[in-house]
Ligand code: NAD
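First comes one chain, alone, set out as structure tokens in the form predicted alone.
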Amino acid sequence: MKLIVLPGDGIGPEITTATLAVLDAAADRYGLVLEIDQHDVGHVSLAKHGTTVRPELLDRVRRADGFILGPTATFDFKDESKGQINPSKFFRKSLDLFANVRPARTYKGLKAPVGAFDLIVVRENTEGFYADRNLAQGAGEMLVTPDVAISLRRITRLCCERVAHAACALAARRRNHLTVVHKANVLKIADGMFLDICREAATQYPGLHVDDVLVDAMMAHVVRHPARFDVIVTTNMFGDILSDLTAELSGSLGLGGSLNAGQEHAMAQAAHGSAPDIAGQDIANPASLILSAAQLLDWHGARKGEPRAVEAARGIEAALSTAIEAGHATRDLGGRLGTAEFGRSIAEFVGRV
């Protein structure tokens, strides 16, 4: 299995190194052959090559079995004409990675302030209220006058259908429960279409129970009783907000895995940012990127019929759980380990679980 690895900015190189240690252990334990091809993106690439993402990286990624993108300083990159390309946006759009799959679950050994739960948010990833994903050319926002700004939101049948089927298929492999999150009582046309398409898609999955919740009410429900949910599907911005909330409720945003998947390609990406304020201090939590890498192994294994990759993904998830339960964790999780040592601890548990 060939993986392109792009460490990114800030804490990206540190958590990427920890993630690669865990992947190496999983490869040894489960008999995988991993070929790692590592390249610069972000500020390092900008300084070396005059662009945050070299065009040839896209061809390398297309030829690989998947890729890992560490956090990048996206807020710093404002002018694409000067090579300041948002790497995450670049790959999501270029590869049409339409489904952002974000699991969230609680762990033994960590406080569960809202009770134990295990759910997945499936977020549409290519349109919605995101100015960089709405138009083929130009931006989805405009300043009409100094006092009037307009933001466009695009919702299409194709994008709704494919993310709905991705979520339904995932729910069918879990607990057969799909929740559609929307605001169709106010956004009657766009969210109404999204809701109808999700309901229609669900009819093709026998035994799948479907309900729907308004997005504002959903925020209250996941705080009050998150265990009632299994797979949640929603539009882009709602999913972005909701998945950060569910990850934090599990113990830390640093525990939120994130896979950006399309028909042919997938990108593992930590759910959090590059955290430049703690970069180089060996205190960042690498769990999000480690879990995202496990999701990538699972995606590849299921797609290619390679059970060892799926087993390795499960082994990494189990090793992380075991490490946390044993008190081996970074400070944000109540432990005392640094980034590198936490990665090594998880890698050791991969070999023992």
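Values in this document were obtained by computation on a predicted structure and should not be read as measured data. All residue numbers refer to positions in the sequence shown, first residue = 1.
Unshown form predicted in complex with the named molecule; subsequent notes refer to it.
**Q** Is the named molecule close enough to Ile11, Gly254 and Ala275 in the predicted bound form that each of the three has a heavy atom within 4.5 Å of it?
**A** Result yes, every residue of the spot touches the named molecule.
**Q** Work out which of the listed stretches, 66-74, 315-323, 299-307, 33-41, brings a heavy atom within 4.5 angstroms of the named molecule in the predicted bound form.
**A** It is 66-74 that comes within 4.5 Å of the partner.
**Q** Asp332 versus the named molecule, in the predicted bound form: is there a non-hydrogen atom within 4.5 Å?
**A** Asp332 belongs to the contact set for the named molecule.
**Q** Though only this chain appears here, would Ile290 touch the named molecule in the predicted bound form if you measure heavy atom gaps against 4.5 Å?
**A** Contact check for Ile290: no, nothing within 4.5 Å of the named molecule in the predicted bound form.
**Q** So, in the predicted bound form, is Gln295 in contact with the named molecule at a 4.5 angstroms heavy atom limit?
**A** Result no; Gln295 lies far from the named molecule in the predicted bound form.
**Q** I'd like to check something about Thr52: if you look in the predicted bound form, is any of its heavy atoms closer than or equal to 4.5 Å to a heavy atom of the named molecule?
**A** Residue-level check for Thr52: no, no contact with the named molecule.
**Q** Within 169-191, which residues have a heavy atom closer than or equal to 4.5 Å from the named molecule in the predicted bound form?
**A** Residues within 4.5 Å: none.
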